[in-house]
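Okay, so here's just one chain, in structure tokens, the form predicted alone.
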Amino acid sequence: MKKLRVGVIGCGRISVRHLLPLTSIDEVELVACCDIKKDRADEAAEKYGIKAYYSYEEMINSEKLDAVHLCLPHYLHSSVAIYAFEHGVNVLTEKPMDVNLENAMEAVRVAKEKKLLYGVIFQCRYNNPAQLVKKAMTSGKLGKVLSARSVLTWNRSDDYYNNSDWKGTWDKEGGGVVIDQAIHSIDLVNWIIDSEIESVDCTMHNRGHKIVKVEDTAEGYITYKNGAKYGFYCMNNYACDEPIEIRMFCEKGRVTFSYHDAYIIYNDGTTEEAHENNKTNAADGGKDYWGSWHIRQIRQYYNALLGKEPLEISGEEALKTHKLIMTLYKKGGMLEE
């Protein structure tokens, strides 16, 4: 069978979570990578035995690709995706979809118009704990979520922002702790509750950073049309990256889970739990907070591209979380005029 020809655009830190899995999927041939920083592209090309490009336009126009993976600064996600779609190439992009809502919606529209597959990475949905909680919810074992909360206390120092030419900026990253760190826990709760949003309230502050203007602290309260209430707190002024914690009080039980562990106590006294035991991070140079399951989502994307199953996290599906994130920023009151 002819293999799908695939390229990766952006060879920064997160790209390893795409390059490595692509070498293990039988139906896929990783043929090229691209980065405007020549040394990054050359290093990845040498490591994986592929061709290096320094222009994504040149790569797309030269390689007759079936799909590209986008591992780029946030503000480039939609524009590069649209370029790929307009050249007949399917797209799997890192989160978030963009730094604003209109661009994200336009990318979804173009993909639909061109009849191409648009996937958005939310790999934490594929963690064992998240899968257990979602299954318990969709099966009806937990009943409806009545109330949920999430807490994230991580560390992103001024040095972290100083070492990047786009992190910590409104125009290129689109914000701070909400859009870059807490987006995953917010997405998990939104996905599990699975209801239209009724109202959103949020406050944001920069309390501990001197060299950036984006928020490093946020708290919010979200209500859903099915009656669920969700409160969250996040900040990146902590001394380390503590495990995130999500709690849910449901009609038929209580849930406590993080990226690594989940515990469910049902009202009848029975329990369930799940744990993360995939330890690939140290071997491939990845970060622990990325989790280990990009590969699950990437394989699911290619199963969908090959017509074996429906795409689980499409552009339309990811828009649910993106709309919520953009609303939080509007309510937070920190966006630059």
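On a predicted model such as this, the values are computed, not experimentally measured, just so you know. Residue positions are given as counts along the sequence shown, with the first one as 1.
What comes next is about the form predicted together with a small molecule, which is not displayed.
By the criterion of a heavy atom within 4.5 Å, Pro73 is counted among the residues contacting the small molecule in the predicted bound form. By the criterion of a heavy atom within 4.5 Å, His294 is counted among the residues contacting the small molecule in the predicted bound form. A residue is said to contact a partner when one of its heavy atoms sits within 4.5 Å of a partner heavy atom; Ile36 meets this definition for the small molecule in the predicted bound form. A residue is said to contact a partner when one of its heavy atoms sits within 4.5 Å of a partner heavy atom; Leu22 fails this definition for the small molecule in the predicted bound form, lying far away. Contact here is defined as any heavy atom lying within 4.5 Å of the small molecule in the predicted bound form, and by that definition not a single one of Gly7, Tyr83 and His87 is a contact residue. Between the small molecule and the residues Gly119, Pro129, Gly176, Pro96, the one pair within 4.5 Å by heavy atoms in the predicted bound form involves Pro96. Among Trp166, Tyr238, Tyr263, Tyr233, the residue placing a heavy atom within 4.5 Å of the small molecule in the predicted bound form is Trp166.
Heavy atoms within 4.5 Å of the small molecule in the predicted bound form are found in one stretch of 245-253, 177-185, 142-150, 102-110, which is 177-185.
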